[in-house]
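Before any questions on binding or motion, here is one chain by itself as structure tokens, the form predicted alone.
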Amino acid sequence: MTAHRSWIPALALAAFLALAPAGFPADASELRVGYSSDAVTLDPANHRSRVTEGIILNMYDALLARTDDMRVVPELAESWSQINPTTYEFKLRRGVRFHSGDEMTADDVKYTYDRLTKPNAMGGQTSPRQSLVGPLKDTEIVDKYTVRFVLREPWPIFTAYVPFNQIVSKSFTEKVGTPAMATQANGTGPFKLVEWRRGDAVILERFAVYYGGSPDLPPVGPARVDRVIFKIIPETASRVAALLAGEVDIIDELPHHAIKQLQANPRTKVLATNGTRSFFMPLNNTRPPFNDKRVRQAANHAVDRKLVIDRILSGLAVPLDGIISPQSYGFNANLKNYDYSTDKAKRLLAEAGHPNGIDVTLDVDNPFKDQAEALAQMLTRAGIRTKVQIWERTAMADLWKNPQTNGRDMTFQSWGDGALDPVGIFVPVLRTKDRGNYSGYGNPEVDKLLDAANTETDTAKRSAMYQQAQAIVNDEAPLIFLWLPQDVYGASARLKGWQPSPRGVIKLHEAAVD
């Protein structure tokens, strides 16, 4: 049990009030978020974390944004056009100010994208977000408010990925340097940084001269609250308790078992949206027993996904026979279904030389302990005797960076696809030795299809390539395919104007509190 659970509400409220720095008026409106994880950095170019992005997006805007129905719309850009298959031109909004007061111009856009693309451009470091700009070769300044992006080769989803890259100030970044960008912020977003207390809270205040944001994402104008506090509360039960006690207004990663409790409380509500994060269990394809396709197929037949969805996820998910969302471009709706059958699983195990079953360990981080334990029981009934080992999130991520040498069996993972395109999830998770390939899976035919699709401009041909790759992976089963859940948040009844985004980030420009 952690100290969070033993909070007395009055003392907890005092602790939260102590977060506010001196100088804020007593009647200032304040919105508090109970957040499951701290940011890893405040530098928009130096992370690959959706949790971190959720904080950064309140301070930094990008050239383009996404609506809740996932359309790409102008944000810092006023408009854009494609000049030829490898050249895009963007017109910038005039008069947009950084929090320092400096105007944003084409110099800042070029500097931002050079920092993302050029090797060693971040104080000797290459940005971990380099892949999010694809084959971008150069960013050219046409005039003070016009930039051109020149690609080495066609990349059909270039504009779909522009919303993931927030613009930084050239003068500010050069002045403070890359190390200081981790803890300082100077964006064009609706809130500016007051203080980041690592492991405790990120405190923001409204940027009074905010240009207003995308006209396609109303309300246009400054933020509707004076102050935002992201309070870091890693433990699930403590986040729920903080919401019920009125200490926070939003909590992320709401456990499904708490949904009815919040719905029955007149001071709280549950908010959900279709998610873009697929869940699956990477099996270590590089070592026994999961280097045998029959064992991997057996594992897929051993899990009753529908039962877990109904009993643990409150029905708020759809089962998958792959990892791509049914709403994604290139989704293959004709994949083989791994129906729940312990008989099929045992038969496949016997064919693979394991008539007496196998013993394995499932690695999982704490927020998904219940789901992992339910899956482990199912696997065990089918002869895949599974022990669950709980890890802290960062430790588990480090453990699974190299399946070829970690000596582990299987893990519980998810991957977000905010662009709803296979390049955002299928490529990193299943291409040989790509950055999210925790299973160690590799197939030259799949790699060839993925590489060809990356530059194919004919949308029908490109979709067919991804569908063929999905069919191969479905049969080879390098993962246990699970589900695509809705993202579920808890909120206070006093919260107005905010709905969760399918992107899975908490941007609070439109949020208000009574």
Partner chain sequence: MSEAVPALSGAKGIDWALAESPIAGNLRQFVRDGAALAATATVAAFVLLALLAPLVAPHDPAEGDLLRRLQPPAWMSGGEWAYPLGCDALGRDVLSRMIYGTRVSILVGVLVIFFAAVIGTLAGLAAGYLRGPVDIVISRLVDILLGFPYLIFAIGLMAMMGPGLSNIVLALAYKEWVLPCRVVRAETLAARETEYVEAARALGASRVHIMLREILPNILSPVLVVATFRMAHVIIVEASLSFLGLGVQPPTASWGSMVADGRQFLLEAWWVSTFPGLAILALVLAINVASQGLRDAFDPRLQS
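Positions refer to the first chain, counted from 1. Here the structure is a predicted model, which is why all the values come from computation and not from measurement.
Below: the form predicted together with the partner chain, not depicted.
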(message) Looking at heavy atoms inside 4.5 Å, which stretch does the partner chain contact in the model of the complex, given the options 212-220, 95-103, 376-384, 338-346?
(response) 376-384
(message) Counting only non-hydrogen atoms and a 4.5 Å threshold, tell me whether Met70, Thr117 and Asp138 all contact the partner chain in the model of the complex.
(response) no
(request) Go through Val308, Val295, Ala77, Ala160 and name the one with a heavy atom inside 4.5 Å of the partner chain in the model of the complex. (result) Val308
(message) Exactly one residue in Lys369, Arg287, Lys269, Arg148 has a non-hydrogen atom within 4.5 Å of the partner chain in the model of the complex; which is it?
(response) Lys369
(request) Classify Asp143 as contacting or not contacting the partner chain in the model of the complex by the rule of any non-hydrogen atom within 4.5 angstroms, answering yes or no. (result) no
(message) Considering non-hydrogen atoms and a 4.5 Å limit, does the partner chain approach Ala237 in the model of the complex?
(response) yes
(request) Using the partner position in the model of the complex, report whether Leu193 sits within 4.5 Å of the partner chain, counting heavy atoms only. (result) no
(request) Using the partner position in the model of the complex, report whether Lys110 sits within 4.5 Å of the partner chain, counting heavy atoms only. (result) no
(request) Sequence order please: the residues of 478-514 with a heavy atom within 4.5 Å of the partner chain in the model of the complex. (result) none
